[in-house]
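Listed next as structure tokens is one chain, alone, in the form predicted alone.
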């Protein structure tokens, strides 16, 4: 069978399984299983495929038909231009979270050396990307810490740290329990989905991604409450807290921050126009 034959077969299987983006997912899995690039795929459409590779490809298609995310099948996800290892038990990096890193880089661009904490790091995508981008811009004296309570997250973050050559320290901790330092910036994408909403989200997320990284308790705000209450103790006087939030959580998160004496609170919308990032300062300034 040719590559075109296998792609058509894969599309039919995924379409039948109710995979909405079946055409793109089939191409992604074909590139992965046959070891070809996007451009190669179109040049090789009429070529006969190796039987062993074809069997592996169909195994991948069958896994995807169960709604397992492609990123868990291929073991990688691009984030901020870097290829991150993705494994079962750790949240898949999201494109919309790149906005948090971009804003954090902007807010700390004037600091020659920066001390930063990525709280609830998961795969490490936020803190590692931040460190690599800062280093590319000539900042070689930064100190970056990644923190998470999950053993799976710590393991995958370590793998990504070494794969990408990042200079970070990784700490296992329940939020600030084992954090001893103060920081110029604390970045966080904490769990924020309401417990009652988890059953209604798409199967790929609900059935395969770790509930620990999704569930923000009944109101979705439990981690924001703890971050708002504790983060100022771990920020320098001019320090910044930057967090990703749910699309309908800004007013509640803003109130939590105000009640805990944060200042200059700002909202950044994502490229779809949804509320996405909140920034706040540990002390009052004119910005």
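Residue numbers count along the first chain shown, from 1. Not measured: the values here are computed from a predicted model.
Not pictured, yet referred to below: the form predicted together with ligand GLN.
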Answer among 169 to 177, 102 to 110, 133 to 141, 185 to 193 for heavy atoms within 4.5 Å of ligand GLN in the predicted complex: the stretch 185 to 193
Since only the chain is shown here, I'm wondering whether residue 156 would be in contact with ligand GLN in the predicted complex (any heavy atom pair within 4.5 Å). no
### Message
Is it the case that residue 128, even though its partner is missing from this view, gets within 4.5 Å of ligand GLN in the predicted complex, heavy atoms only?
### Response
no
query = Taking heavy atoms and a 4.5 Å cut-off, does residue 114 contact ligand GLN in the predicted complex?
reply = no
task = Classify residue 97 as contacting or not contacting ligand GLN in the predicted complex by the rule of any non-hydrogen atom within 4.5 angstroms, answering yes or no.
result = yes
Of the residues spanning 235 to 269, the ones with some heavy atom within 4.5 Å of ligand GLN in the predicted complex are none
